[in-house]
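So this first bit is one chain, no partners, the form predicted alone, shown in structure tokens.
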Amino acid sequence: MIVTVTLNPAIDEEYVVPEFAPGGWFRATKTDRSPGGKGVNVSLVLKQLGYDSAAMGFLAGFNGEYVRDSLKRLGLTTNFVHIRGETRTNVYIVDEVGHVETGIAEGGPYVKEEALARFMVNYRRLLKRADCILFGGSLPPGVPQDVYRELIELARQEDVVTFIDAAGAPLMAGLEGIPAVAKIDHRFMSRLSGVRLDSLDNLIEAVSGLHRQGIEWAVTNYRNHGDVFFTPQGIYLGEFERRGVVSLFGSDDALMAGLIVAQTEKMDVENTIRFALACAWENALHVEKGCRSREAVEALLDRIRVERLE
């Protein structure tokens, strides 16, 4: 079983507008509204690629009901703890002329200790059945900043493969738990290391330390249409074409879903990178989050460029 953990889910609203600028009034040319949060997005893409998963975390209020009902209609298994308050809404604005993306994220509802304890009971139960777990996104108020470390350590005790895609203190704590795969925002790593990561050499130096700590795969963005992959077989740069890209919103989540599928199917390193990036690219070719089908992803595989850097 694949499990995705999204402690701070959301409703994602995406608007495509021409020549967006602050202070104006715009009519959207395209819109999309969907359940969101990194783990939820990964579950959605996994379903589109033919894999079932169980999505868990916290939901609250009318927005929470929308997220849960939407996932169930799509055939996803859910295991959320319901709490007081309101699940957050995130708004993304894509300027279709200037190709600039703007996002506004709410903080999320407060999680009490009792609700966190109920989540932990559910989590320990699912660990007995899980093959891999994806931890994604920010933490809502009330959840300890080191929760990802605890969750990853519990999973490792059960020999469950773990993936993490987060930022800030929650990510740093999670990395101490030594996940198998970590997605690292290069802007965050730049602030952490105090070094500009606009060159491949600096980027490699900043992230290589994570690989030495025991993290088998470390992945970080490079430019707007590629990633550097630190793998057990070396360091690789993978890139897709900028042509045809509509919005990169959700592409990192599609990439993580692609990594999960590739590792589940035991693809070799280069094919894993190629498949993950094809998922990210397919997501970027339309406003709606996710991949239209596995066939659409596979049609892009031969156009992904993969280069070994060492």
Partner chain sequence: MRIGDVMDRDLTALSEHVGLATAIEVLSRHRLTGVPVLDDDGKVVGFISEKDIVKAALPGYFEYIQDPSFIPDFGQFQSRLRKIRNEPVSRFMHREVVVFTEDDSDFFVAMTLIRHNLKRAPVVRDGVLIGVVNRTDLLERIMVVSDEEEL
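None of these values were measured; they are calculated from a predicted model. Numbering follows the first chain given and starts at 1.
Omitted from view is the form predicted in complex with the partner chain, to which the following refers.
Listed stretches are 36-44, 268-276, 61-69, 253-261; the contact stretch with the partner chain in the model of the complex is 61-69, by a heavy atom cutoff of 4.5 Å. With a 4.5 Å cutoff on heavy atoms, Val111 does not count as touching the partner chain in the model of the complex; it lies far away.
Put simply, Thr89 is far from the partner chain in the model of the complex: not one heavy atom of it is within 4.5 Å. Taking the partner from the other structure, the partner chain in the model of the complex has a heavy atom within 4.5 Å of a heavy atom of Val121. Among heavy atoms of Ile83, some come within 4.5 Å of the partner chain in the model of the complex. Not one of His99, Leu300 and Arg303 is positioned with any heavy atom within 4.5 Å of the partner chain in the model of the complex. This chain appears without its partner; in the model of the complex, the one residue of Leu126, Ile215, Ile204, Ala173 with a heavy atom within 4.5 Å of the partner chain is Leu126. Interface residue among Val143, Leu210, Val160, Leu76 relative to the partner chain in the model of the complex, by the heavy atom within 4.5 Å criterion: Leu76.
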